[in-house]
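This document starts with one chain, in the form predicted on its own, laid out as structure tokens.
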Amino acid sequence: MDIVVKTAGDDFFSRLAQMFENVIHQGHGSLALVFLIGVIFGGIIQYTRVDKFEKIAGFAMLKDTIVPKMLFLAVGLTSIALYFMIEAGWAHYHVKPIIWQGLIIGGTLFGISMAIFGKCPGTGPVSIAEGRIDVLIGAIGGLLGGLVFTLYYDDFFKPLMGTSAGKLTLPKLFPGHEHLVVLIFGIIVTLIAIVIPKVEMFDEADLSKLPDDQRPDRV
């Protein structure tokens, strides 16, 4: 029996095939490479345990610093590496326009949702793979929210977002010194990740793996 993959049309399976086709033809590497990067990303998330509710919610309450340490370190190192890879022609990115009103509204909603849910779009799928039904329900809600945003974008959300301020980047603000600006920014952000004190919140599953003399709840 021949298997026919439809990549044209508006039905569900055609749109799904188009999603993979877009990934293949957008110059991000082969589908296998993208999959491998996803597996590595998931492994890092599980190793650092930032998919735990305690890590994300603790970050929102300033009681756990693992997430900000990881974020600052990732932003610092990758901002340097990615910029110079782009300069060398080894990578590329698509700068999104600055829309202040939309950023403030969307950022506020995003932050509130992360604090309540204890997940972000990156850690949510990892938790679902671990069998977290509550996160799966939240992900379904997120997909429905995306559907509402798509359906009512022109009539409601686009006017709400305000006007675009253009595609701004930090290096463009200092013409002639782009490389130095990126280098200084990356080093400062990396140093912030290093000097932030390590403070962790644990759930019972993680605490049970620690020796009794190392459990913070029994010290």
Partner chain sequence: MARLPWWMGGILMSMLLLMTFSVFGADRPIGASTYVPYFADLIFDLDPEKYSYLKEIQNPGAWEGVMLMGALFGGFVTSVFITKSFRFSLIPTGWKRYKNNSVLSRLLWSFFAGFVMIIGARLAGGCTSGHFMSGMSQMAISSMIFGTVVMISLLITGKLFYNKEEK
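Residue numbers count along the first chain shown, from 1. Fair warning: this is a prediction, and the values are worked out from it, not measured in the lab. Only the largest set of C-alpha atoms that superpose within 1.5 Å between the two forms is called the rigid core.
The form predicted together with the partner chain is left out here; the points below concern that form.
Chemist: So in the model of the complex, is the partner chain close enough to residue 87 to count as touching (4.5 Å, heavy atoms)?
Modeler: Heavy-atom contact with the partner chain at 4.5 Å: absent for residue 87.
Chemist: Does residue 160 reach the partner chain in the model of the complex if we count a contact as any heavy atom within 4.5 Å?
Modeler: It does: once the partner chain is placed as it appears in the model of the complex, residue 160 has a heavy atom within 4.5 Å of it.
Chemist: So, in the model of the complex, is residue 187 in contact with the partner chain at a 4.5 angstroms heavy atom limit?
Modeler: No.
Chemist: Any of the heavy atoms of residue 63 lying within 4.5 Å of the partner chain in the model of the complex?
Modeler: Residue 63: contacts the partner chain in the model of the complex.
Chemist: For the stretch 117-150, which residues lie within 4.5 Å of the partner chain in the model of the complex by non-hydrogen atom distance?
Modeler: Contacting residues: 117, 119, 120, 121, 122, 125, 126, 129, 130, 131, 132, 133, 134, 137, 138, 140, 141, 142, 143, 144, 145, 146, 147, 148, 149, 150.
Chemist: Residue 199: after superposing the rigid core, is there a C-alpha shift of 2 Å or more between this form and the one not shown?
Modeler: Moves: no, less than 2 Å.
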